[in-house]
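Next up: just one chain, as structure tokens, the form predicted alone.
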């Protein structure tokens, strides 16, 4: 959703109530809570799980508050999954809620001793889209990506967003409209960058056979992983002010690592996946993530897009939700929201955006300073 005067726990409560109702589970069945931290919320935001408990009821179960930047939701669901898989609990809740500041995500303090991220703001004044634009320019020079390719991503995402009742932006855009929008950071234009957003998402993970039997088409988590950066990654990492001159590791190596871990653990590879939700923070992300996650070779994503190989109805449907482009990014919630979108596709709830016959789905997101998460699901 867009901006609101409501507090984060209000959004979290709506999301958690919806998850409980969808799963047909009572609150008292939740045996552990993995809560995504709301970074801009002060002490309350850092203790989001306890604040949620104060709404639904304090039952004494373990509560863990976690933050991994924009991959926070990935960390929460991974912890919930591992808690159940280890036999510590039968049923765990993962949730994230966020109220982003208006405009670009900003520095969280002005004390460079306490907060290292302050340095990039003091020395360079670098909001996140500048990092994306620099990488996009490198791509255009190396692989011939065009302004039309970047615009086409937005056109496709807006087509899906217009059909998604939960999207924040429902206007379909033409190529001309996108190419006439202003540059935010050359070569990325206004409509080619997702805005920050406010929102919440919640997922319930259970191994309780009785609860599973009550659910409407419960989906299976085949793997949920986290990756961090690998030394030698040539990506200009958000928050850093330099990168290796010579590549000794894959670009976006945190996401390379998370996706490869997921493939190995699940025994499922890119060729098996029907639905992919990737982090389209910008049009550049849409292209590079197809390559980072192994859906094509480096430099081939543009052709996949142009040839319609990533559309609904093709072998791989990419972001049938409309992506971040249609929803914005809500830091702590977005990775969980991607998992929900994937689950809804597997459960046949996609409506006008339904991917017919979808059996395998993958959610992939990433965050500042080398955080990434991958979740693979099957029906």
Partner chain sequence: MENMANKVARIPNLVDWSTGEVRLMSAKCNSCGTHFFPKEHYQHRPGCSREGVEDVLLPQKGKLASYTIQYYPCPAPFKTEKKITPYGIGLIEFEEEKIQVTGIITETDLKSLKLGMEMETTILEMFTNEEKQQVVTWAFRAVK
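Positions refer to the first chain, counted from 1. Here the structure is a predicted model, which means the values were calculated and not measured.
Beyond the structure shown, there is the form predicted in complex with the partner chain, which is absent from this document and is the topic of what follows.
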**OP:** Answer with yes or no whether residue 212 is in contact with the partner chain in the model of the complex, where contact means some heavy atom within 4.5 Å.
**Re:** no
**OP:** Please check if residue 146 has a heavy atom lying within 4.5 Å of any heavy atom of the partner chain in the model of the complex.
**Re:** no
**OP:** Considering only heavy atoms, tell me if residue 119 and the partner chain come within 4.5 Å of each other in the model of the complex.
**Re:** yes
**OP:** State yes or no: in the model of the complex, is some non-hydrogen atom of residue 165 no more than 4.5 angstroms from a non-hydrogen atom of the partner chain?
**Re:** no
Original post:
Quick one: which of 234-242, 274-282, 153-161, 219-227 gets within 4.5 Å of the partner chain in the model of the complex, going by heavy atoms?
Top reply: 234-242
Subject >> the partner chain in the model of the complex reached by all of 113, 141 and 246, non-hydrogen atom within 4.5 Å >> reply: yes
Subject >> Residue (of 296, 79, 204, 126) lying close to the partner chain in the model of the complex, criterion heavy atoms within 4.5 Å >> reply: 126
Original post:
If you check 196, 309, 185, 251 against the partner chain in the model of the complex, which one has a heavy atom within 4.5 Å?
Top reply: 185
**OP:** Taking the partner chain as it sits in the model of the complex, which residues of 128-161 have a non-hydrogen atom within 4.5 Å of it? Please list them.
**Re:** 130, 133, 134, 137, 138, 141
Original post:
Do the C-alpha atoms of residue 116 and residue 243 sit closer or farther apart in the model of the complex than they do here, given a shift of 3 Å or more?
Top reply: closer
